[in-house]
Ligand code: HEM
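What follows is one chain in structure tokens, specifically the form predicted alone.
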Amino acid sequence: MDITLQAPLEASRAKRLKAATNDTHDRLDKRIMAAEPFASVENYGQFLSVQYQFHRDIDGLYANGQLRELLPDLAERRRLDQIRQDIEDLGLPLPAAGGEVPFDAGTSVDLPTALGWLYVAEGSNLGAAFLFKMARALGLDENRGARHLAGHPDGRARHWRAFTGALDALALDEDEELRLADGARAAFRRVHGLVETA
């Protein structure tokens, strides 16, 4: 597949993707908040476990050469090590590896599908401002236990706009657009399944 840059579409792809995944995203948000992840450090530890497992699933994408060409700052968006440190800060064990990792490093990926998964990861980072405040109420911050929730030095909104700008600039055909949305929905469902297990 040859993904090339084009002029931005009149209707933002990121906005269309948000609309296409809104129901799945909303169900996940409600399920996460129903688990009261910030009611205690113990609950927060379960939230960290979910975060770690999801980011372990997608970790291979951050080293993918094709994705790095499309998203030049992709490597610095990786958060698995921060989540690992947050878990270690709380003295908790890392979740055991279970099942097949969807995106192993070094294996070929369907780019639209992978971009859908990255859209979910990046969107969670944008939405983490509220969660970071709740983590602070537990005595956690960017130096202990909540590193992965801290905002980017350039600001969350600017960091998000850089990602969506790159996403909007890609030339995708109709089938690739569908795979992009399917990838995002699959990522939301994966996190939902992890929350249920936790």
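Source: prediction; values computed, not measured. In this text, residue numbers run from 1 along the sequence as written.
Missing here is the form predicted together with the ligand; even so, the following discussion is about that form.
Item to check | the ligand in the predicted bound form: contacted by all of 29, 120 and 131, heavy atom 4.5 Å | outcome: Checking in the predicted bound form: 29, 120 and 131 are all within 4.5 Å of the ligand.
Checklist entry - Can you say which of 30-38, 169-177, 65-73, 147-155 gets within 4.5 Å of the ligand in the predicted bound form, counting heavy atoms only? => result Partner-contacting stretch among the options: 30-38.
Checklist entry - Do residue 14 and the ligand come within 4.5 Å of each other in the predicted bound form, heavy atoms counted? => result Because a heavy atom of residue 14 falls inside 4.5 Å of the ligand in the predicted bound form, the answer is yes.
Next on the checklist: If we define contact as a non-hydrogen atom of the residue within 4.5 angstroms of the partner, is residue 185 a contact of the ligand in the predicted bound form?
Outcome noted: The answer is no: residue 185 has no heavy atom within 4.5 Å of the ligand.
Checklist entry - Does any heavy atom of residue 44 come within 4.5 Å of a heavy atom of the ligand in the predicted bound form? => result Result no; residue 44 lies far from the ligand in the predicted bound form.
Checklist entry - Wondering, does residue 98 line up within 4.5 Å of the ligand in the predicted bound form on heavy atoms? => result Output for residue 98 is no: heavy atoms all beyond 4.5 Å of the ligand.
Checklist entry - What residues in 47-61 sit within 4.5 Å of the ligand in the predicted bound form, counting heavy atoms only? => result Counting only heavy atoms within 4.5 Å of the ligand in the predicted bound form, the single contacting residue of 47-61 is 54.
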